[in-house]
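The chain below stands alone and is given as structure tokens, in the form predicted alone.
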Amino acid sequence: MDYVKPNQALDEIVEAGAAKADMGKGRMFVRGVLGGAILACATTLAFTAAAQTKIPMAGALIFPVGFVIIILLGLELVTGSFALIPLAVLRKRTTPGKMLANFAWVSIGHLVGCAVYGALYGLTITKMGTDMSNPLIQTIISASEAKTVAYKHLGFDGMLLVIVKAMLCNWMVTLGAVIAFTSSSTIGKIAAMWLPILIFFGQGFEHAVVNMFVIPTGMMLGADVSFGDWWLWNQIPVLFGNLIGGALFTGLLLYLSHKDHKKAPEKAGAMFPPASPAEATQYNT
């Protein structure tokens, strides 16, 4: 059996968060670039599947492939780290400063990776800017506007709505990051991760890294969205909502539900034993 019980996996989750925070800034950035580009590629794959089948849920069924690749390759996805690293801070395995540095460098990497893929994909579907008839162009433009100006038109209610959708999204995304630790086999990890990612994408929740691709790419293709619309009505509130959803709904509540799985952890000091350098590298995903 390759199933790992949650109370056993919790130790590994904390060590993974600590290893992420201790990583060098250059590695954070590069892994963030690759993570952003791969997730953007999975997004266009999902759009393609939905367009070809006329069934939006078909895209949701396929989209988790990007998340799986990122985790299995040990790359960075800041939204997943929104649960793992705060747990490491809570257990004093790293510092708030290192946590924020990871969030910043990985997010910058995501922006670069999404921008590069967005530019290349835009050239592909427009045939180097000569043909705007591909239906996926309008799909991305419509999604870009729906994620920004549609909220703007609702005013304060729109701002609350985008934050709530971001919280719900990253509750599922961080469950995907955490649930990967409940299996010791590759196929088990893939199956486990697939489920919560399917849930978030299929319901149209707001994910900060997906939006780093969809919105600016839509702008490049002609969406009626300004830079301010992108950041004020989506990117900033979505990052905030994703952080709350990941740190609170997954990180903190998971910790509270399993923190007493060993006797007298504070006295024994064995609840979260320090990992060896090899173990820290293994879980640095």
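All residue numbers are counted from 1 along the displayed sequence. Remember, predicted model here, so these are calculated numbers, not experimental data.
The same protein also exists as the form predicted in complex with a further copy of the same chain; that form is not shown, yet it is the one meant from here on.
- No residue in the set L90, E145 and A247 has a non-hydrogen atom no more than 4.5 Å from a further copy of the same chain in the predicted bound form.
- In the predicted bound form, at least one heavy atom of S184 sits within 4.5 Å of a heavy atom of a further copy of the same chain.
- a further copy of the same chain in the predicted bound form comes within 4.5 Å of no heavy atom belonging to K152.
- With a 4.5 Å cutoff on heavy atoms, K189 counts as touching a further copy of the same chain in the predicted bound form.
- In the predicted bound form, G74 approaches a further copy of the same chain with a heavy atom inside 4.5 Å.
- Interface residues of 148-179, taken as those with a heavy atom within 4.5 Å of a further copy of the same chain in the predicted bound form (partner not displayed): L154, D157, L160, L161, V164, K165, L168, W171, M172, L175, V178, I179, in sequence order.
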